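Next up: a single chain in structure tokens, the form predicted on its own.
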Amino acid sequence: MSEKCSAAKRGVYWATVCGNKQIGERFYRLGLEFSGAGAEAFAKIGAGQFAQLDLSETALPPADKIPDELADAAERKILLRRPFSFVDVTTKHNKTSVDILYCVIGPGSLRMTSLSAKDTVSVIGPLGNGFWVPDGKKTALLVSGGMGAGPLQHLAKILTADFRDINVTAFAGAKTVEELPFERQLDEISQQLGFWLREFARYGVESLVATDDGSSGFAGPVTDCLLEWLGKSDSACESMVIYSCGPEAMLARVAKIAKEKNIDCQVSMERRMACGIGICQSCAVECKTDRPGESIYKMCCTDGPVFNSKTIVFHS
């Protein structure tokens, strides 16, 4: 992971559902298992890469399980695949299992809730470029907003397994405690020790929670929590790297903090991805060039979704 992870072995594969656990009012964790060529292709997928799922043939859940606000949208046909990054990847006995964190927000994700063990799903991937580790880094800060927590959990696993000389701290933010996409927070003693979230604690990674309304953890935006942490840290900024995933307004703020502190920063951008392979040109991200005031557009699906924050032209 010292260099960008790219989709060298992408293809169309069938995955078998091995679990679909609800972890919150709208949050689920879907487990998929690949065998054969699919297992090989996804075994070394990098944190931040993604796949496109075909949900066009997936049935709707029972009517009483459909939220009122999605009742009309639920009937829409699913024409395009949906992109998802990975929370975890595990290879065992020639099979590769991946976990996907998703939130029910539309007709596609609503159908995903009806998937159950032994169902099959068509998957295109691995796709895109993931996070990488620059040379000389001693501290990695994982900053997520809302559903951006997914790929950063995967990154925490890789960093603690393969880069043991790097200290890792995670920051997770949301508007309210109910909008944090985690199973549950750890007990008060664990929180006092700096371990708020079991999803990161399982890798020995300290974690902090921030909620805009103060319902849990730090009261305010996760970027303010990050600033407070940096103000107390005695680590050299040039030895740090920030990895961030979440709403674009948050990413813009993280990028600004990184620039002010002279910290390397990588951001995972989000765009509507119709094809996932750069053909439809629907996921353009405005990027800077070497010439002042000049910009170009790159595709989030093939050039990203992870970019060096210094290259992005943020509009929020």
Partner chain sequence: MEEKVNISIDFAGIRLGNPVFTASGTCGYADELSDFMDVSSLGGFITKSITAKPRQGNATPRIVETDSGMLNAIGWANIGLDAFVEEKLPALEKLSCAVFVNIAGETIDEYVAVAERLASSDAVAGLELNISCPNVELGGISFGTDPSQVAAVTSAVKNVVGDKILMVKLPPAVTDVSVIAQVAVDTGANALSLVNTFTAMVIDIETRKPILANATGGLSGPAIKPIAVYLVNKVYNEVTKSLGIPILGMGGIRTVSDAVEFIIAGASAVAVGTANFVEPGCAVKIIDGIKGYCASKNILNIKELVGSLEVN
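Please read all numbers here as calculations on a predicted model, not as lab measurements. Residue numbers count along the first chain shown, from 1.
Although not depicted, the form predicted in complex with the partner chain is the subject of the following passage.
In the model of the complex, E40 stays away from the partner chain, with no heavy atom inside 4.5 Å.
Under a 4.5 angstroms non-hydrogen atom cutoff, the partner chain in the model of the complex lacks L70 among its neighbouring residues.
In the model of the complex, C265 stays away from the partner chain, with no heavy atom inside 4.5 Å. Using a 4.5 angstroms limit between non-hydrogen atoms, S282 touches the partner chain in the model of the complex. Site residues I23, V177 and V209 are none of them in contact with the partner chain in the model of the complex, judged by any heavy atom within 4.5 Å.
With the partner left out here, the partner chain still marks one of 254 to 262, 274 to 282, 58 to 66, 41 to 49 in the model of the complex; by a 4.5 Å heavy atom cut-off that stretch is 274 to 282. Of the residues given (R164, R76, R184, K92), R76 alone sits with a heavy atom within 4.5 Å of the partner chain in the model of the complex. Of the listed positions (A201, I158, L80, L227), a single one reaches within 4.5 angstroms of the partner chain by any non-hydrogen atom in the model of the complex, namely L80. Heavy atoms closer than or equal to 4.5 Å to the partner chain in the model of the complex belong, across 298 to 312, to one residue only: M299.
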